[in-house]
Ligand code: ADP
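Okay, here we've got a single chain as structure tokens, the form predicted alone, with questions on binding and movement later.
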Amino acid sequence: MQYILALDQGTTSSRAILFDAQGRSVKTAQKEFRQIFPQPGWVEHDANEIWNTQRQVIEQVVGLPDTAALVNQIAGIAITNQRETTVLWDRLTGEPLANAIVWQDRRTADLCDTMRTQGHTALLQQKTGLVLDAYFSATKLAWLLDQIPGARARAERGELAFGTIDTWLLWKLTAGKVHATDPSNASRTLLFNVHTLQWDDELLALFKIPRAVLPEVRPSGGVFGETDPSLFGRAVSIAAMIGDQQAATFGQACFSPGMAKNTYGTGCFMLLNTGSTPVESANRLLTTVGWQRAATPRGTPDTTYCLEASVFMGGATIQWLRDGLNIIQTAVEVESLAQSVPDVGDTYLVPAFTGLGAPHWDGHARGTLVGMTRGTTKAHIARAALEAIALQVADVFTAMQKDSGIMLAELRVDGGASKNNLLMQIQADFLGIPVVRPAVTETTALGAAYLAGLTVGFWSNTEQISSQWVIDQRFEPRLTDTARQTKLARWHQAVERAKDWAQD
């Protein structure tokens, strides 16, 4: 057995990657799928399209249907996924009852406002480690059960299944034999108690979610089942499931408390390993399960917790420049365009297109471009977009240091936009600490692969994994403290102008 197959199901594309024993990507396939926007603030995916694109990239990577040679060399499969995105389907037919509601979707912001005024915020933070926001799965699932005729009654009878994307892919891979999730994904639902590590009856009652619709929660690193033999010609062990940001943290070898990473994907997600104890945030960050490894013969499952800060619009901001404004043709062009001007000319873009995440949590904020003059060009807007990504990260970085009491010495980075050298330099400037990019920037899939590999004995221990982490480039900050603080203060003025705008 020479490879681990990682399935990386993201917000805009499905990927499959084969990793060898050195943690190197041997073969990759990727396929984008539709983003569906039925109304302002609504974001949906076709769950069947997600499965079909995921299956297609699997077939490309392992050479199906032409040859099954690679399939016989796969020691195990890992699943990592966009989190919070909510799917509800029929257990008998396996068909979704509606489009999946994506984590970016804001349709339940008003419901969250109502629940906030009813005084549920403190209970939810204490039990789940999360803030009350439409970002998470509970209100999305409640909305589906309320809006689809007969869904709630069917759910109570056990006829329907809920899952985040990991659960949906596991169901499809096993031909409906396994309905399960892991703690890293369960802890993003507002229904899971991060202290007891179980679904919580009080939370289920609060959101009116029937327990019968929920998946079983199993350790992130453990055997969930086997693929249906019809898929690959033989059954292959599914040996890990983990949410994408936790997977990236594992792939960055952040195994010790106090180590942090930031992923620049569709959004930006900073996670800090806080060890075996959940740390409650005083700065509106999230307490989340990082990962849980299956029990050894000597004891209970080993659980690692993280503090997390979520920025909704990271790489998606660049995607908006490309698809919304058409000022670039490809995402990579943004770096040279932004470099063509020395600064932003006091122009600030606040990309609150789907509200603001941490530390503001304003579901009614909307995108704002301020400070433009007749001299403002598309190059200034491009540079302002890169700065906006870095400034949002700087805000959550500050909050994370306050919560943890740890002054971070460096920030490890990964994800597609981390390949942008200008963005990484801007990020180091705005943080005031070095930004370190590893040789492998697609650490989400790698982290999931590592977790599966440890489960099946493909890798021996985390020390072996740490030894495979190699630096590509280190970006040192160049701004003075005064210039940095001036920049951040101006940014905060712009953010205030974006808040509480939407009236829906």
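Note that residue numbering follows the sequence shown and begins at 1. Here the rigid core means the biggest group of C-alpha atoms that line up within 1.5 Å when the two forms are laid on top of each other. This one's a predicted model, so the numbers in the text were calculated from it and none came from an experiment.
The following text describes the form predicted together with adenosine-5'-diphosphate (ADP), which does not appear among the structures shown.
Peer 1: Which of 130 to 138, 348 to 356, 413 to 421, 361 to 369 has heavy atoms within 4.5 Å of adenosine-5'-diphosphate (ADP) in the predicted bound form?
Peer 2: Contact criterion met by 413 to 421 only.
Peer 1: Do V334 and adenosine-5'-diphosphate (ADP) come within 4.5 Å of each other in the predicted bound form, heavy atoms counted?
Peer 2: So V334 counts as contacting adenosine-5'-diphosphate (ADP).
Peer 1: Would you classify A316 as touching adenosine-5'-diphosphate (ADP) in the predicted bound form, given a 4.5 Å non-hydrogen atom cut-off?
Peer 2: Residue-level check for A316: yes, a contact with adenosine-5'-diphosphate (ADP).
Peer 1: Quick one: does T266 come within 4.5 Å of adenosine-5'-diphosphate (ADP) in the predicted bound form, counting heavy atoms only?
Peer 2: Looking in the predicted bound form, residue contacts with adenosine-5'-diphosphate (ADP) include T266, since a heavy atom lies within 4.5 Å.
Peer 1: If I superpose the two forms on their rigid core, does the C-alpha of C268 end up displaced by 2 Å or more between the shown form and the other one?
Peer 2: It does shift by 2 Å or more.
Peer 1: Take the rigid core as the frame of reference and indicate whether the C-alpha of L88 shifts by 2 Å or more between the shown form and the other one.
Peer 2: Comparing forms between the shown form and the other one, the L88 CA shifts below 2 Å.
Peer 1: Please say whether, between the shown form and the other one, the C-alpha of E202 moves by 2 Å or more once the core is aligned.
Peer 2: E202 C-alpha, core-superposed: shift of less than 2 Å.
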